[in-house]
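A lone chain, given as structure tokens: the form predicted on its own.
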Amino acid sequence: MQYRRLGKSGLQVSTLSFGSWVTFQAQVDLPLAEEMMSTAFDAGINFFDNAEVYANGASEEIMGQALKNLGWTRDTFIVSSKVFWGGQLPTQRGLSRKHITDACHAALRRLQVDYLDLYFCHRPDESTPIEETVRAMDALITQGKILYWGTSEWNAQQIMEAYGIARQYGLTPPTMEQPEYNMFRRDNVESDYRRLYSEIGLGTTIWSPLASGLLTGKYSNGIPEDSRVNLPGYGWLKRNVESPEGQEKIRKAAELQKIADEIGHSLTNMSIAWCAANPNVSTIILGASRMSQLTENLKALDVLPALTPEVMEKIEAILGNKPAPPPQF
């Protein structure tokens, strides 16, 4: 396993990490979660990602019980939660100081830990002033309930506003952003945030390195029955796969498969390694519904030496979507 600093912080996070989105509760029960987390931990993974909205809190309950049963000491792992969607009532949603505080306490109970290492604002909240959100996060840090806070799917301007407010009032600024990043989704990480890596030392905990399975090749002959797109509540994902844009990505994935074959690795692991080749990626969150998927994906960093400039050029030629220039703000 390789380790990278989370942005300019001193926290060393494993280049590959393990997350529970979609899988825990829906596809992964407690015994399997324990087995997967133990396998990941033994392979050097130290970061385990979660959120209040995942399975309406059940995902955090499963992970929390697994952590307790595995008996790891608290100084050996990093665990996160995200706040935005906690329920249907007005006080259970968004990034108000109340919901941020309530959601943090609930995550601590479900995960059975005394503090969260990382706490993310799961989406921007247009109805709450960013200053209120920054102050709420700083208060939790002061209370010792979280160590680092960050954002997920915020744009660069929103992140810079939060950073500026924190610096203006002597508060703790955001450390990291959790964006989607893969061969088919690049603009935020490669363009929008480009200045933030050097100017504020932004770290990234990227999700969906396989573009919700499109970069595994499993959709080349249609949608498998056991695919996550067939799970209740994920019709939007199925529509994305079946759309003209999704079909074009499946076609590109078939071309990328040829390159993977040439270098002697799976398309899955080549796609994960492609993300890791970006030095501004702090960690790549893996997801798995079966042990075989996890054990295969844990080999992804072995592909890095094979991603020569020539191979990267071949990949770029297939993708054919150069990222947009960085914005001016």
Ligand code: NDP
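Don't overthink the numbering: it's just position in the shown sequence, from 1. Just so we're clear, the structure is a prediction, and the values are computed from it rather than from any experiment.
Omitted from view is the form predicted together with this ligand, to which the following refers.
Subject >> Exercise: residue 290 in contact with this ligand in the predicted bound form, heavy atom 4.5 Å >> reply: Taking the distances in the predicted bound form, the answer for residue 290 is yes, it comes within 4.5 Å of this ligand.
**OP:** State yes or no: in the predicted bound form, is some non-hydrogen atom of residue 207 no more than 4.5 angstroms from a non-hydrogen atom of this ligand?
**Re:** Residue 207 belongs to the contact set for this ligand.
Original post:
Using heavy atoms and a 4.5 Å limit, would one call residue 175 a contact residue for this ligand in the predicted bound form?
Top reply: Taking the distances in the predicted bound form, the answer for residue 175 is no, it never comes within 4.5 Å of this ligand.
Subject >> is_contact(residue 60, this ligand) in the predicted bound form, heavy atom dist at most 4.5 Å >> reply: No - in the predicted bound form, heavy atoms of residue 60 and this ligand never come within 4.5 Å of each other.
Original post:
Of these, 66-74, 290-298, 37-45, 257-265, which stretch puts a heavy atom within 4.5 angstroms of this ligand in the predicted bound form?
Top reply: Among the candidates, contact is made by 290-298.
Subject >> Position in contact with this ligand when the complex is considered in the predicted bound form, options 55, 281, 32, 285, heavy atoms within 4.5 Å >> reply: It is 285 that has a heavy atom within 4.5 Å of the partner.
**OP:** Scan 96, 188, 158, 152 and let me know which has any heavy atom within 4.5 Å of this ligand in the predicted bound form.
**Re:** Contact check passes for 152.
**OP:** Would you mind checking 192-218 for residues with a heavy atom within 4.5 Å of this ligand in the predicted bound form?
**Re:** Sequence-ordered list: 207, 208, 209, 210, 211, 212, 213, 216, 218.
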